[in-house]
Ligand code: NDP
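Heads up, the chain below is alone and in the form predicted on its own; it's given as structure tokens.
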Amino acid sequence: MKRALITGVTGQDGAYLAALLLEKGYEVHGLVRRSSSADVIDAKLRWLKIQNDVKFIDGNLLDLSSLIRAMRDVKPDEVYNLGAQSFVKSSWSQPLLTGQVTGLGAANILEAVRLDAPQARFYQASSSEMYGLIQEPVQNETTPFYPRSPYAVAKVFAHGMTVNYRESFGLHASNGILFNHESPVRGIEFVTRKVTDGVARIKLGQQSELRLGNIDAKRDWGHSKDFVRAMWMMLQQDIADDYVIATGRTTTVRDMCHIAFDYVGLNVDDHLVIDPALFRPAEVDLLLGNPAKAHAKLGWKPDISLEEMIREMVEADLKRVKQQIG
């Protein structure tokens, strides 16, 4: 039985990855930091009904000693670093914390792997936000990075450290440059979930408007379930490498809203309000990934369309809101 250690196991991707690995017969360990919200921290795992199947281990990406201890206790075959301060908007109000957790945290876990689990295969969650002010209309593994947020800057550091540890110490360490990916367990602060939750509340009479910022921003959106499958596939390769994981289709926030509102029979223009306070200090206007390398080398392709994903998210939020209002 293979053993996997996942940081960020209580997040969207961590939960779906844990479910995937459990299906494949892995023993799954999840690093969790001490939190005052411990009673709700496993909500995403509970949504997927796997909360009792993941073995939790205390640790923190800022505490190298806890990461070394985790390596010694788990003896992992695979390590997936998904832990981060991952909300782009918050990275401007918490730039130092974002740099420490998202950037230095990745260096800490790489060091722990090097010291105590050098045989383990390592995955680093890189982000399409690293491309920022895009230097090419379609982004691939060789497109230069131009980060436009503290979050993206921290991710560039983590990405570079992963390459450096691979080349310097011979670790089987791969970066997955994942474009936007969503699901019913996406955090409510992210725009797709904000939209589907808002649509559900408007449909059920709990609110009348949905306030958003730049609805002309374009994103390449896929489903987390498809994207975590790509993470696993990277670590099954004989040689570590870096891969763009994307759908190859870009859609505006405006059009994504239309899909969600149309699904429940509502007119988006009757409820959508543009709020200038929700615009980013430095916007990323367009992201569109080229996943050709992942197609060719991993044999990976997404199975779930944007429309299917948004409908699934709206249905999940309708269910949640109905439960809340009794």
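Note that the structure is predicted; figures quoted are calculated from it, not measured. Counting begins at 1, following the sequence as shown.
The discussion below concerns the form predicted together with this ligand, not included here.
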query: The unique member of Ala230, Ala158, Leu82, Leu171 whose heavy atoms fall within 4.5 Å of this ligand in the model of the complex; finding: Leu82
query: Option touching this ligand, based on a heavy atom within 4.5 Å in the model of the complex, out of Thr247, Ser91, Asn108, Ser127; finding: Ser127
query: Location of this ligand contact in the model of the complex, chosen stretch of 198-206, 134-142, 177-185, 72-80 [non-hydrogen atom, 4.5 Å]; finding: 177-185
query: Proximity of Leu61 to this ligand in the model of the complex, heavy atoms at 4.5 Å; finding: yes
query: is_contact(Ala292, this ligand) in the model of the complex, heavy atom dist at most 4.5 Å; finding: no
query: Contact label in the model of the complex: Tyr151 to this ligand, heavy atom within 4.5 Å; finding: yes
query: Ile41, heavy atom within 4.5 angstroms of this ligand in the model of the complex; finding: yes
